[in-house]
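Here you get one chain, nothing else, as structure tokens; it is the form predicted alone.
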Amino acid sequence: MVTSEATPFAKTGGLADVVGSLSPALRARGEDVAVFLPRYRAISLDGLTRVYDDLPIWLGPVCYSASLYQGEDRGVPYYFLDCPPLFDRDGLYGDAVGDYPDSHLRFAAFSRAALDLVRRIFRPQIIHCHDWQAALVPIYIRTLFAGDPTFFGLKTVLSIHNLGYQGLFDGAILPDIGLDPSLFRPDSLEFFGRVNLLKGGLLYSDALTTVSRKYAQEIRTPKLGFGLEGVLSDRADALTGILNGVDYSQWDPRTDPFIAARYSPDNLEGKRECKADLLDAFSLSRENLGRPLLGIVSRLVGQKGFDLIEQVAASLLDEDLCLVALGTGDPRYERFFTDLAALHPEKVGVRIAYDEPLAHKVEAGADIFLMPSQYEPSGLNQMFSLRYGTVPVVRATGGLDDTIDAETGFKFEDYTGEALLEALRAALAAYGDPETWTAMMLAGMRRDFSWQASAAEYSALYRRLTA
């Protein structure tokens, strides 16, 4: 696995959860798996073993000196590229100003180092690359190293976790990342006058995956193809949709160390205590215990549908309910939620932060989980919510559509505030009928979205590639 993030070492979103959970699930099936990622500043060297010194990484005329370290998580070996000039920074991808301007150099060096890892330490049959940050691996193998016997017979898989992020750069960067400028053409890396690294990965990989069956269909349409729908349609035979799984060792109300009380489908009593604890955490009165409590845990970005919540906020808060929201992101949406809490301090609690323990409290303590996404490749929070007996209200897109049905939650099709409000009102009406609501909670808690089934699909894909 070549990835820019993986739990428990580095995380900004669902990619980290996927790689951190899929790898041990594959290992449990007998696969020999290793994970390669950058050694960011936040990853301590304590407990890691240096396995290679003074690794030269050439990008055009420039050489970076790096080291390789090894660690382990749940039986899976992790290898880290330690290159301080490129990765010894506060953020994984950027800072308060924005994305780092040398991101093309950072992840080109990372991709070249992945090939050196193959040469020197871990010889796989398959390199499984994740998102644009690792898309240069298949590009390098098929161009710079096309004649290198090290890579003869080795297969590449590229997983698309979110097509909205493609690695777009100025066309002049190709020599800087060690590639021939002749690759700047429409049938290779050129994309509307810019270099598109994800596009190159889609063209040069042996197999493509994405994170739900519905999303595999959606990204072949102009609406959600982000300009790459033609490439993906041409490679439809190589594209497989495999739904992300949930790591129930981390997300289960029967064992969760972060929540106020444990509970299960056989005994739901602890959920009320978790709701009280969640109200306390957001400084909302416990007098709200009898009201439906809506929860949001998300990156606060446009993709997640917060413009719809903006449209209907006044009508929504006219209802007899409470709302808690946790996340960081676009300053516009951060301001929207903090202003909403200031206007309605008795009904709305907001925490602008990344807070993993509090995210668990929201999943356990909320009655309804809100995900009105414009698009959602897979989504994990709706699956977490099901296990915690928190009924999701979602838009019928991507993995949300694949995982939620009428027995376990509420879906709406049109991307409008009115459609969202209608779905929410249907959920509130169901909440008013304790028998109906308990049946929905229990149906969701008994659904199984563990990694076992998904890992089996990845194993089958690997077998087809190496047959």
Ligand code: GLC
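Numbers for residues come from their place in the sequence shown, where the first is 1. Worth saying up front: this structure is predicted, and the values here are computed from it rather than measured.
Only in words, not in the display: the form predicted in complex with the ligand, which the text now covers.
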property: 4.5 Å heavy atom contact, K304 and the ligand in the model of the complex; result: yes
property: Contact label in the model of the complex: L293 to the ligand, heavy atom within 4.5 Å; result: no
property: Touches the ligand in the model of the complex: R119 (any heavy atom, 4.5 Å); result: no
property: is_contact(L380, the ligand) in the model of the complex, heavy atom dist at most 4.5 Å; result: yes
property: Of T143, Q250, N162, T240, the one that lies within 4.5 Å of the ligand in the model of the complex (heavy atoms); result: N162
property: Contact assignment for the ligand in the model of the complex, among R194, R89, R299, R235, heavy atom within 4.5 Å; result: R299
property: Heavy atom contact within 4.5 Å of the ligand in the model of the complex, the stretch among 90-98, 370-378, 70-78, 149-157; result: 370-378
property: Residues within 4.5 Å of the ligand in the model of the complex, restricted to 1-34 and counted by heavy atom; result: G14, L15, V18
